[in-house]
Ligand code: PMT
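We begin with a single chain expressed as structure tokens, specifically the form predicted on its own.
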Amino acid sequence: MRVVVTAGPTREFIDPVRFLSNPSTGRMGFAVAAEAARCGHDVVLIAGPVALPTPKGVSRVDVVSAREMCDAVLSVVGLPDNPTVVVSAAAVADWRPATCARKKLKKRHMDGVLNLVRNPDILKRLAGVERRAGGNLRLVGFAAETGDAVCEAVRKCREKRLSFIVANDVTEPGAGFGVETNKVAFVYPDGQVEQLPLMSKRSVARRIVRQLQHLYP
């Protein structure tokens, strides 16, 4: 099957030298892409700005902003033939500045107010594609939360028509950004939850890909 993985952060520029972003390193998404390729799947990795090498056997598309990532995902998912799973592991910015200045803004010209507009929700866009795909497209999300990650993950899973969602509380030791480990739960639309112990991101990726393969028996 084709596995499309998004990974890393996005950047939403205020001016040519300033942007809104987050601490995602892309390690989890890159690990999923590497494991899917190792298992023989056709893998496309759509990566935000990260300092990671491309995994062996993976086709990579580099993007910067949320809108660029959305366009890249939709263009790949639109390809015919193979059953496709989209694994949305990227930490996509929900908001962007309403305007981006062409030149660096001077402090004396800034009034301390930044007007924001919503970015496209990539999984919601894909839910519309999934309805028309006749079972040939499955969606898997990630929910990086603080506090009750599972409760929010159940809501997102149902609202975005996901096959399952990988949830984690980024405030737990070893499960946040910039570390080699993760502690996640697989959450399903019916409310079923499979809690995994703290393990390496590579091991989490193996469990995710194993679950992906159950989507097209």
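All figures in this text were calculated on a predicted structure; none of them were measured in a lab. Residue positions are given as counts along the sequence shown, with the first one as 1.
Absent from the display: the form predicted together with this ligand. The rest refers to it.
Put simply, M28 is close to this ligand in the predicted complex: some heavy atom of it is within 4.5 Å. This ligand is not shown here, and in the predicted complex it never comes within 4.5 Å of any heavy atom of T84. The closest heavy atom approach of G176 to this ligand in the predicted complex falls within 4.5 Å. Using a 4.5 Å cutoff between non-hydrogen atoms, K160 counts as a contact of this ligand in the predicted complex. Contacts to this ligand in the predicted complex (heavy atom within 4.5 Å) from stretch 107-121: P120, D121.
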